[in-house]
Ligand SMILES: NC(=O)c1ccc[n+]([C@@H]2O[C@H](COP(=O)([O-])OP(=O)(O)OC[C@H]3O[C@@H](n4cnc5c(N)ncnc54)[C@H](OP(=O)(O)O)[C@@H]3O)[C@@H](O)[C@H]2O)c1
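Presented below, as C-alpha cells, is a lone chain in the form predicted alone.
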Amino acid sequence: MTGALPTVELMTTQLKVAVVTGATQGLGLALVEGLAARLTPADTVYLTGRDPDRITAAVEAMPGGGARVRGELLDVAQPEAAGRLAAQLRERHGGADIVVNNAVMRVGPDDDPRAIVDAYTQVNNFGTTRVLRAFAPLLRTDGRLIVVASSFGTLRHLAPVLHDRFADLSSLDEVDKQVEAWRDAVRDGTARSGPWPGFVNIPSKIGQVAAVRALAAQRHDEDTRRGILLTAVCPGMINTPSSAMWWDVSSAPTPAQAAVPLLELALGPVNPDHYGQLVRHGHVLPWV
C-alpha cells in the first residue's frame, strides 16, 4: 500500500489480536497489511491460508512496522481447521478482537457448476459457518467478526419462490442444510431446470449473508451489551485477475483501496445499524 493511510479511530482495548482468512493474495493480503499498519507493535495479525509456501512468502513480503504479522495454516474447507486455530488463539491470547472471513474459491466462466460445487461450497459456505462457529465465542469485548460477501448476497437476486429457503433461518445448522440442498440440486442437475440462478455465486453469497443473520439473531443482545459487531460486507468490484474473468475491472479499485472501508468496520466505532446486516461502503444493503 502506498501513500498516506486514512485515519481510523482505533478501538480502545490494548494488545489486539486479528485474524484474516484467505490472506495470501488480493483483498485478504491487503487487509492484513492495512491492519498491521494501523495497529501497534504489541498487537498480532494472523495471516492465514491453505498453502504453507504462499503464507511464508506473504509474511516475508510485509513492509514491516506496526503490528506483528504471523502466518498460520488454515484451510477453511477442512472441517476441524477453524476450530483448531481458534483453540490455539485462545491458549496463546485468551481470545481475539478482529476476525475477517475472506477465504473464497473463485469460479470462472468456463467452470461446470456441477463439477466444482462441492469444493466451492466447502470453502465459501461451510467454510464460513465453520469460522463463525469457531471464532464467535472467541471475541472479546468490542470485537469484530466480519464476513466478506457480495451485493449478490441479498434475496432480491433470488427468485421469490426460493426466498423462504434463506429468509428467516435461526441457526447455522439450518443455513448449512439449505446450502446442502442447493448444492445437491446443482450437482445432480435439477437446479438447471428449476428456479435456481445459473451463476453459483448468487446462492452461495446469499448463504453467507444468511449465516451472518442467523448467528446475529442468536447473539444480538449479548453482543450489543459488549460492543461486538457481527456483520457481512460487500467490498464492491475489485481489480483482480479473478474478477477480470467476468467483468471489465480496469477502472475498479485495487485490493488496497477496496480494503479501506473494511478496515473502518474492523477498527472504527460500531454503528448499531450494521449489526447482522450486509454493508457496502458504510450503508446497509436491504436483505429483500
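Residue indices: 1-based, along the sequence shown. Remember, predicted model here, so these are calculated numbers, not experimental data.
Same protein, other form: the form predicted together with this ligand, not shown, and the subject of what follows.
message: Taking 4.5 angstroms as the heavy atom distance cut-off, pick the stretch from 63-71, 37-45, 218-226, 24-32 that is near this ligand in the predicted bound form.
response: After filtering at 4.5 Å, what remains is 24-32.
4.5 Å heavy atom contact, Arg106 and this ligand in the predicted bound form: Because a heavy atom of Arg106 falls inside 4.5 Å of this ligand in the predicted bound form, the answer is yes.
Partner proximity in the predicted bound form: Ala57 to this ligand, non-hydrogen atom cutoff 4.5 Å: Ala57 lies outside the contact set for this ligand.
- request: Give a yes or no for Leu132: in the predicted bound form, does one of its heavy atoms lie within 4.5 Å of a heavy atom belonging to this ligand?
  value: Leu132 lies outside the contact set for this ligand.
task: Give a yes/no on whether Val179 approaches this ligand to within 4.5 Å in the predicted bound form, heavy atoms considered.
output: No, Val179 is distant from the partner.
message: Between this ligand and Gly153, Arg213 and Ala232, in the predicted bound form, does every residue show a non-hydrogen atom at 4.5 Å or closer?
response: Contact check failed for every one of Gly153, Arg213 and Ala232.
message: Please tell me which of Val99, Val186, Val76, Val175 lies within 4.5 Å of this ligand in the predicted bound form, judged by heavy atoms.
response: Of the listed residues, the single hit is Val76.
query: Just one of Ala191, Val123, Leu139, Ala86 has a heavy atom within 4.5 angstroms of this ligand in the predicted bound form, so which one?
result: In short, Val123.
message: Need the contact residues for 176-212: heavy atom within 4.5 Å of this ligand in the predicted bound form, sequence order, or none if there are none.
response: Contacting residue: only Lys205.
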